[in-house]
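Below sits a lone chain in C-alpha cells, taken as the form predicted on its own.
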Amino acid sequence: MTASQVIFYILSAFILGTAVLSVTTAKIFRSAIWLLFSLIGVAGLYFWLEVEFIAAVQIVVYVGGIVVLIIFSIFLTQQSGKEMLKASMLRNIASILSVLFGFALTYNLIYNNNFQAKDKPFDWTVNKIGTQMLETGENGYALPFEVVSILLLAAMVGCIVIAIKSKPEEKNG
C-alpha cells in the first residue's frame, strides 16, 4: 500500500465519520459543526487530487458560505441548544437499508464495469475551469452556476423570514 493510498483512506474515513456524526447527533448545532468538518474533508480530498482551485471553491462556497448560513439560521431561530426529535424505528431501518443499497450499488458499479486507471494526466487548470464556468454552450456551466446563486438567495431569504418574529398584539382596554 502506497502513501497516497493511505492518505486517501484517511481522508475518506474522516469524511465518512464526520458525515455520519452530522446526521446522527442529537443537537442541531453540533450537527452543523460536523457538517463543516465533513466539507473541509472533501476540500482536503480535492487538494489530494491536486485540483487546488476546486478545493478553494469548496472552502469558500460551502464551508465559508453554506455552513455559516446554516449556523446563522440555527441561531436566528433559537434552536441551537435544543435536541432534535428522536427518529422512529421505521426511519432507522429505512436508513440502514438505504445505506446497504448504496454500498451494493457502488460495489456493482465498480466491480462489474471493470474501471481501469488511466495513464493520461489530470489536466484541469484554472483557465479551463473558468472558461467552462462562463460558457453557455453544451459543455458550459453558466446556467447551473446561476441556479446555485438563486438557491443561495432563496436560502438566505428563508432564513430571514424564519428569524422575523411577529410582535404580540397589544390589548386596548
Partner chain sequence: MADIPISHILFVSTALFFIGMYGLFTRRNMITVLMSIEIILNSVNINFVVFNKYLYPDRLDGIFFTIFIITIAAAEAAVAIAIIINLYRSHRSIDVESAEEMKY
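Definition used throughout: the rigid core is the maximal C-alpha set that superposes within 1.5 Å between two forms. Nothing here was measured: the structure is a model prediction, and the numbers come from that model. Residue numbers count along the first chain shown, from 1.
What comes next is about the form predicted together with the partner chain, which is not displayed.
Novice: Even though the partner isn't displayed, in the predicted complex is Ile10 close enough to the partner chain, meaning a heavy atom within 4.5 Å?
Specialist: Heavy-atom contact with the partner chain at 4.5 Å: absent for Ile10.
Novice: Quick one: is Phe37 in contact with the partner chain in the predicted complex, heavy atoms, 4.5 Å cut-off?
Specialist: Because no heavy atom of Phe37 falls inside 4.5 Å of the partner chain in the predicted complex, the answer is no.
Novice: Gly64 near the partner chain in the predicted complex, any heavy atom under 4.5 Å?
Specialist: Outside the cut-off, so no.
Novice: Who in 115-149 is close to the partner chain in the predicted complex, meaning a heavy atom within 4.5 Å?
Specialist: Heavy-atom contacts within 4.5 Å come from Phe115, Gln116, Ala117, Lys118, Lys120, Pro121, Phe122, Asp123, Trp124, Lys128, Ile129, Gln132, Met133, Asn139, Tyr141, Pro144, Phe145, Val148.
Novice: Answer yes if the Cα of Ile129 shifts by 2 angstroms or more between the shown form and the other one on a rigid-core superposition, and no otherwise.
Specialist: Superposed on the core, Ile129 moves its C-alpha 2 Å or more between the shown form and the other one.
Novice: Return yes or no for Leu11: a CA shift of at least 2 Å between the shown form and the other one, with the rigid core superposed?
Specialist: For Leu11, whose C-alpha is compared between the shown form and the other one after core superposition, the shift is less than 2 Å.
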